[in-house]
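Below you'll find only one chain, the form predicted alone, shown as structure tokens.
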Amino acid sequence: MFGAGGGTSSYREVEETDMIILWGSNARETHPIFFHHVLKAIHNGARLFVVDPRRTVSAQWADGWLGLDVGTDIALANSVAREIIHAGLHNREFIERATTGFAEYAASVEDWTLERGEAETGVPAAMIRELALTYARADRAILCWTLGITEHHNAADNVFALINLSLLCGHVGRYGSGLNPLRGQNNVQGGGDMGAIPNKLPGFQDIERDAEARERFRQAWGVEIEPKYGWHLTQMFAAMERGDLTAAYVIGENPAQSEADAKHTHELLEGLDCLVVQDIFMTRTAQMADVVLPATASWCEAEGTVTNSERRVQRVRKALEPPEGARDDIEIICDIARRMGHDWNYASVEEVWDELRSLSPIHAGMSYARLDELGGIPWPCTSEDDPGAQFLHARLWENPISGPPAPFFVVEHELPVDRLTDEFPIRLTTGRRLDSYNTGVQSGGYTSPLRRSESLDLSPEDCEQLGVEEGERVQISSRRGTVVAPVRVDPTLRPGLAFMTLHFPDDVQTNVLTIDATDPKSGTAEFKASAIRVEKLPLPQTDAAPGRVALPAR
């Protein structure tokens, strides 16, 4: 965001802001710790608006719920923007001093009247107007989003549309006003910070554009850093299909069950010459592997650091000895490097961290001693006397600003790739539940009084039209495959919208249904917008295991 890949605001600011927007985020279930800060804000008088196709448990806490049609986020954002501009509530002084491209942006949203916004999104014009005026008039406002807007074929443009709104009102770079992408998994932020993205070195230093950074890494590592971006995950699978990628080393991921269009994913993994999996569980992907490297649970069996969604780096300390045969990730990686002729001889994990601090300016002041003393430090922290930045982009309020101005982005509304038709008339969106996690590899190992098996959640109206009842097993088909699952009647869903999770792939492989249409800028698949049909099963039902999908075995 404006050159820094992290949320702009601290958790304390969330508690003390005047308005919070959860856009495509059911934080009550998917980020429950963060939602505690939201609840404190509500109790302190903040207003909460939720933008989500479903009336989630998060939306049930809100002053306003905008139940938009799946895939119409840009249409809604552009309508909100036009209303703010026409009401004269945009922050002219901030826009003139700190941004570029406003005139082009204002022209691009001019046709997005409240009436057009309602027609395209399904959100009442009055509610669009209320959100727009409340956000623009708020002294402080924080806009949060998650996978609800990023798991689309135009994911980056969805995010740009929200950034536009913050720039329009000057809700960034000040205490209590900002933009927070809530990370989908533990330490996703830390992974990106450490360079686990194909276009950045650690500390978000651009591989192609930052020659000075490449030189620092060359001197430290003794190898030339090629100024060329690598492949993100979607590009890797495309390279597998072309035959350009023939070996994969998978660390802590389960793509055989987590990727969209699961049958095709399985075929590509099967076609590799060599598949190595390093994990703490024998996942479906690990079962396909030529080599499995048992790792330790990083949260309790290893030393290191973790970074949360407010950019706070914290120490992780070893509390338990790992099972026999399991080894620390760093130990495994260093051993592989050694066998390949490179002696990565680190005396401790702290030594690895100190090397990182010497190469990443935003982490330079974060010694282990300071992390211990302060209970964690948010980046950027550039020196030993720097407390870290509570919020980002204060420079945009300097006069004149330091650094480059923040650009507005012209973004165009596009419907989901998987179009609704008479053959596939229902929109399936996927997500998580409070009691479970991703493909269930971690959460499936223990019981929960909240847990229930996978289901196809449908509105009461759709159940009546289809002639199906609660608990009845139905056949669900998309253009890619078919699964069987029981129906659950969900009154929070609108007609034409269905919901499933990815938590129980051994019983119901939901990702057989999802489409692998991807955003070219981020590489994210459109998990949130598949077209399906639902059919009653003939009686008697077959003896096949319900909900299972035939996949090839290695």
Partner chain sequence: MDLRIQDQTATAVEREAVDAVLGPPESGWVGAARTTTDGHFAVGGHAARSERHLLLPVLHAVQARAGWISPGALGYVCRRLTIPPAEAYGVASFYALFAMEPRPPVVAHVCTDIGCMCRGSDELVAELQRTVGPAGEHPGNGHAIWLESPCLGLCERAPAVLVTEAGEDPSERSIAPASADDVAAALAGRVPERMTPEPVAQQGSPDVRLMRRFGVVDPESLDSYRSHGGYEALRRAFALGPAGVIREVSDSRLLGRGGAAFPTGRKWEAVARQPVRPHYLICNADESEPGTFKDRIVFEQDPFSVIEAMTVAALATGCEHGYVYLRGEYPLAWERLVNAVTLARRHGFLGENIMGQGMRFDIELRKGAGAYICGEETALFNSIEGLRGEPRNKPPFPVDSGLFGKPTVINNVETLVNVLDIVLEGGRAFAQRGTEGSTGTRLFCLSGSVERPGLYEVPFGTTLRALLDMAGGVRAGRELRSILLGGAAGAFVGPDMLDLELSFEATREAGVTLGSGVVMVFDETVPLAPVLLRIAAFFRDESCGQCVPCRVGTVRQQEALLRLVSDRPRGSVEDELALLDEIARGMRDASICGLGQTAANAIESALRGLRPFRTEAVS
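Here the structure is a predicted model, which is why all the values come from computation and not from measurement. Positions refer to the first chain, counted from 1.
This protein has a second form, the form predicted in complex with its partner chain, left out of what is shown; the following refers to that one.
- Among residues of the shown chain, D63 is one whose heavy atoms approach its partner chain to within 4.5 Å in the predicted complex.
- R47 belongs to the set of residues with a heavy atom inside 4.5 Å of its partner chain in the predicted complex.
- In the predicted complex, at least one heavy atom of L493 sits within 4.5 Å of its partner chain.
- In the predicted complex, its partner chain sits beyond 4.5 Å of every heavy atom of S79.
- Partner contacts here mean any heavy atom within 4.5 Å of its partner chain in the predicted complex, and among 156 to 164, 213 to 221, 198 to 206, 115 to 123 they occur only in 115 to 123.
- Here is the short version: of T429, T99, N180, S459, the single residue with a heavy atom within 4.5 Å of its partner chain in the predicted complex is S459.
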